[in-house]
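So this first bit is one chain, no partners, the form predicted on its own, shown in structure tokens.
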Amino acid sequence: MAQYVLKRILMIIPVVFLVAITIFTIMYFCPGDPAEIILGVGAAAEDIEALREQMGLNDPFLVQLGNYLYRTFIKFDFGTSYANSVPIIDELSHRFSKTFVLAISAIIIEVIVGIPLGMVSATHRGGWIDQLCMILALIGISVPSFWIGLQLLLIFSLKLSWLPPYGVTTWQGWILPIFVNSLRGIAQMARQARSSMLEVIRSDYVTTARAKGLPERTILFRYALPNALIPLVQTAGQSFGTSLGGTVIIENVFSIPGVGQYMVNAIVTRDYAVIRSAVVVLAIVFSLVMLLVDIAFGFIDPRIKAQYEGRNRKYKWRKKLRRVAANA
């Protein structure tokens, strides 16, 4: 398993590098002059040109890309914002906690609600409960989250005045954002849980357990669910990426000062340095979460264990044969 974990860790490096190169290339070809953004539209042409030279914007593309990668991954310097000259790392560290709480809370709700919903749907296949669950899942996947968020704001904040319309200064302010951010993940988790459970409950060992007269609850939770969790773990990791990306919209709908709102404001002001840094940070976080998912997947799935244990046994036999041949 150590080889499996090491392999997954090493795979993070090229992924993050490719994300950094891609976002830098996109921002490089976007319209707008960073020097003009910093100095303002009415700045003199000489001042703009001097600042461009100071920032290295007159260098060739590959030189700028190399300097960006060196500052980001060697010096861990994300630079300063073009709009307000504030260090980007300070803003990201201040805002990231809210984005992470929003994303991780959504994942917890998705698992708690989505898996039982899929299990109920699978055990009542073809019935009205199954159809109702799948209709709700289809609505959760199809309807845009920002539209649902706006409708809930109108109902619970403006009409009923039960919840605050913006901000997360109190725990009540987290209810609507977390709920809206988890809807799509709940639908995906329910559909995947239903599919996995339907595949498992048709297995021979489940049929044998029923033939022995075991209670249906024991069959579901002791035999069926552990085997159905293997694809659900991977779905949960992918849902975290969806929830993390969904915070960009949710934070702006509910006025949450997180990384998503920071990115949208940077897009509006063409603050390319902020956009690049925020995308790289989110890519690193998502890669680390997927690393944890892959490690958990390796411990849950016996096929991965057998694969790497077989390689280790083969390597030990080869090493032993070489030692015998050397001593002969």
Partner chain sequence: MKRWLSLLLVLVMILALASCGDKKAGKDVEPTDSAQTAPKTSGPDAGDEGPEQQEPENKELVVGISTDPVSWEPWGAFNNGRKHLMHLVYQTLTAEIPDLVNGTTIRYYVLASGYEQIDDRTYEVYVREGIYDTAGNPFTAKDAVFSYSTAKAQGTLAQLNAIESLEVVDDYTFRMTTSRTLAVGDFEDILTGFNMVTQASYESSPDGMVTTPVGTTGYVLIDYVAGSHAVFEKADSYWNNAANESRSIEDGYCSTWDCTKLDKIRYEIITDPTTMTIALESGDIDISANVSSNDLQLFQDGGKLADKFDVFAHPENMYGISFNASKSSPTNNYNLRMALAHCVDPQGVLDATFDGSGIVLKAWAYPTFMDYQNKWDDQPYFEYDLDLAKEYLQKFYDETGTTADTLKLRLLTQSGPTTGKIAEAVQAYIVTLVDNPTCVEILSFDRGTYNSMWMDENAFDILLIYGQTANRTYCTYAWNSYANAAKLQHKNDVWHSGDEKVQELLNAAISVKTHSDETVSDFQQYINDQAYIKNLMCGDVYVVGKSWIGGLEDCIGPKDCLAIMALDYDWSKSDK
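As the structure is a computational prediction, the values presented were derived from the model and not from experiment. Numbering follows the first chain given and starts at 1.
There is also a form predicted in complex with the partner chain; it is not shown, and the following applies to it.
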Between the partner chain and Ile37, Leu138 and Trp147, in the predicted complex, does every residue show a non-hydrogen atom at 4.5 Å or closer? yes
Heavy atom within 4.5 Å of the partner chain in the predicted complex, from candidates Thr242, Ser195, Asn252, Ser105, belongs to Asn252
Could you tell me which stretch in 261-269, 274-282, 287-295, 64-72 has residues with non-hydrogen atoms within 4.5 Å of the partner chain in the predicted complex? 261-269
With a 4.5 Å heavy atom cut-off, would you call Pro60 a contact of the partner chain in the predicted complex? no
Do Ile112 and the partner chain come within 4.5 Å of each other in the predicted complex, heavy atoms counted? no
Tell me, yes or no, whether Met27 is in contact with the partner chain in the predicted complex, where a contact means a heavy atom of each within 4.5 Å. no
Heavy atoms within 4.5 Å of the partner chain in the predicted complex: does Tyr166 have any? yes
Sequence-ordered residues of 78-108 touching the partner chain in the predicted complex, heavy atom within 4.5 Å: Ala83, Asn84, Ser85, Val86, Glu91, His94, Arg95
